[in-house]
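Consider the single chain below, provided in structure tokens and representing the form predicted alone.
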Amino acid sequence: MRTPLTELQKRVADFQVSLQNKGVEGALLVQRADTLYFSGTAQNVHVYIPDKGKPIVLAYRDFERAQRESSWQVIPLKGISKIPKDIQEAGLPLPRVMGLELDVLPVNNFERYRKSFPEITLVDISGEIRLQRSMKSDWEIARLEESAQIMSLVMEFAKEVLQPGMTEVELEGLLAGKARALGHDGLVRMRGFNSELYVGTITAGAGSTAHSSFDAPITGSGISVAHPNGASLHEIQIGEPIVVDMVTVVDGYQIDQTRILSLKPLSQELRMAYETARQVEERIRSALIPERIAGEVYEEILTWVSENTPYGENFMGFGTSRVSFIGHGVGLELDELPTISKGSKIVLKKGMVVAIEPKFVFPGIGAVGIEDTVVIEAELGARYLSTTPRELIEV
């Protein structure tokens, strides 16, 4: 779906306020999620946004598709060194101070921009972009709701295809294929350096407790040392918890969700832990209120789990695998702001979308938990965007 012009205009106008407040006269954006957000195209482009006036899109490949997909003026990109001239020929003054996405821009690329703009001061503008993108418009929420519908259908499909002896990878392949057939974009974008993910994490039994490089409470062991997280060749057994932590994407917008499946009922101990996870999720959801501090919500939930459940040592991982967050922003990327994490100073705002994921990990046994994507709206807490029923799925 093409991004409406009114949506792009609002995004650029809000960003220009940030530029003006920071004393930055223009920003040159190159990171894929950011350029898509401001231009409406995911082609290989640079987007230059002045502090006043209309932006321009400089397209390297594919120029014609960028023209069709973006509502802004699209200019062929013939080289980094020619960008200053392109800006001027578009009727815009060269900035004295220009913003770049220094959180993701490779040093070699930065040096090329510095060489091309020798008289211009280059500053980081990534924080302002990430904070703006954390607050979703009604149009963005609608895309997330469409993505959530795909996820619900995928989980219904999971009940039909799950069989004893099936490997984690086989289940992952079936669910990923079904999601694609239903309209899932297929690509999970992340901003973090060296962050890699396929469809998510589908893992079962003791394999769910494997430690991994991926910053999550449940990662799976993966197939090889080269891809050390996610589904493995482990054959799913009767009675073990199966973690289906998946991402579905519509028009770039991602829903992150976790459900627990099993062949036959789980043990009473694991069922109790799962019900506790559901209680914790509700506490997190109701605590996500506009103007609260994200880090304070994290500490409140951590304290409640420690004082009111027997699973304090198992919450959000175990031992060295524990993570220091209980939720993370999602949208065009899976690792957006805000993070509901230790020490976070971010003030929660209406329209922020967060994947909340209370999970318990039991070494040698398995893991249980739940994850849903929610949008912060009012004093009653966040609203669920995920639509899949939250009960255990026992086949």
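Everything quoted here is computed from the prediction, not taken from an experiment. Residue numbers here begin at 1 and follow the sequence given.
There is another form of this protein, the form predicted in complex with another copy of the chain, and it is not shown here; the text below is about that form.
None of Arg271, His227, Arg278, Lys85 but one reaches within 4.5 angstroms of another copy of the chain in the predicted bound form through a heavy atom, and that residue is His227. Checking Leu94, Ile141, Ile289, Val104 against another copy of the chain in the predicted bound form, a heavy atom within 4.5 Å turns up for just one residue: Val104. With a 4.5 Å cutoff on heavy atoms, Tyr198 counts as touching another copy of the chain in the predicted bound form. In the predicted bound form, at least one heavy atom of Val30 sits within 4.5 Å of a heavy atom of another copy of the chain.
In the predicted bound form, another copy of the chain stays beyond 4.5 Å of every heavy atom belonging to Glu128.
Among heavy atoms of Gly183, some come within 4.5 Å of another copy of the chain in the predicted bound form. From the list 165 to 173, 72 to 80, 299 to 307, 260 to 268, the contact stretch for another copy of the chain in the predicted bound form under a 4.5 Å heavy atom rule is 165 to 173. Interface residues of 308 to 323, taken as those with a heavy atom within 4.5 Å of another copy of the chain in the predicted bound form (partner not displayed): Thr320, Ser321, Arg322, Val323, in sequence order.
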